[in-house]
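A single chain comes next, written as C-alpha cells; it is the form predicted on its own.
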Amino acid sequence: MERIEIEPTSTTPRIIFRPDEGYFEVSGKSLPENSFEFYKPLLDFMEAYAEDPAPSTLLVFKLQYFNTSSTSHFLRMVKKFEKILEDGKDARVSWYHDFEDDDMRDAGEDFKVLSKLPIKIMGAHLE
C-alpha cells in the first residue's frame, strides 16, 4: 500500500498514513465543510489496511480542535482497527491533548469507553 500524506489546511487536519510502518496520524484542526467527502477515502484505506496489517499498528490523534461531524469519523477510524486486535495482532491508539485542554482530554476518555482498542491519553504541548 502507498503512503498517504496530506498537509493541513485551516479546516482539515494533517494526515500521515504509513501502512508499511503501521503508523497512522491525524493532527491539527478538523472542521471540514464536507467531512464525509474528506474522511471517506481515508476510512476506505484503513479498512483495506486492516485486512493485511503490519505486526503492530498505532493510530495517533494530536488534535487541537474538531467539530461534531469529525467525531463520528474518528470513531469509525478506531473501529476499523478493532478488527486488527480481534485478529490477534497489536493495535493501539495514542490520544494527545494539550496540557491545558480538558475538553480534548475528555474527548479521548470518551473514545476510550467506546473502543476495544487500548487508548493511551497523554498531555503534550501541541502546536
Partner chain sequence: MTAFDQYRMMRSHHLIFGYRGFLTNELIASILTLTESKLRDLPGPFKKKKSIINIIIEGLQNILYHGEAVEENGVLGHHCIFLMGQRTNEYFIQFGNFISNSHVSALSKKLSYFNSLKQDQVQKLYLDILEKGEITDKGGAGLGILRVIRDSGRTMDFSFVPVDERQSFFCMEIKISM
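Numbering follows the first chain given and starts at 1. These numbers were taken from a predicted model, which means no experiment stands behind them.
Absent from the display: the form predicted in complex with the partner chain. The rest refers to it.
With a 4.5 Å cutoff on heavy atoms, residue 51 does not count as touching the partner chain in the predicted complex; it lies far away.
Among residues of the shown chain, residue 110 is one whose heavy atoms approach the partner chain to within 4.5 Å in the predicted complex. None of the heavy atoms of residue 92 is located within 4.5 Å of the partner chain in the predicted complex. The closest heavy atom approach of residue 66 to the partner chain in the predicted complex falls within 4.5 Å.
Taking 60, 42, 31, 85 one by one, only a single residue has any non-hydrogen atom within 4.5 Å of the partner chain in the predicted complex, and it is 31. Residues from 8-24 that approach the partner chain in the predicted complex with a non-hydrogen atom closer than or equal to 4.5 Å are 10, 11, in the order they occur in the chain.
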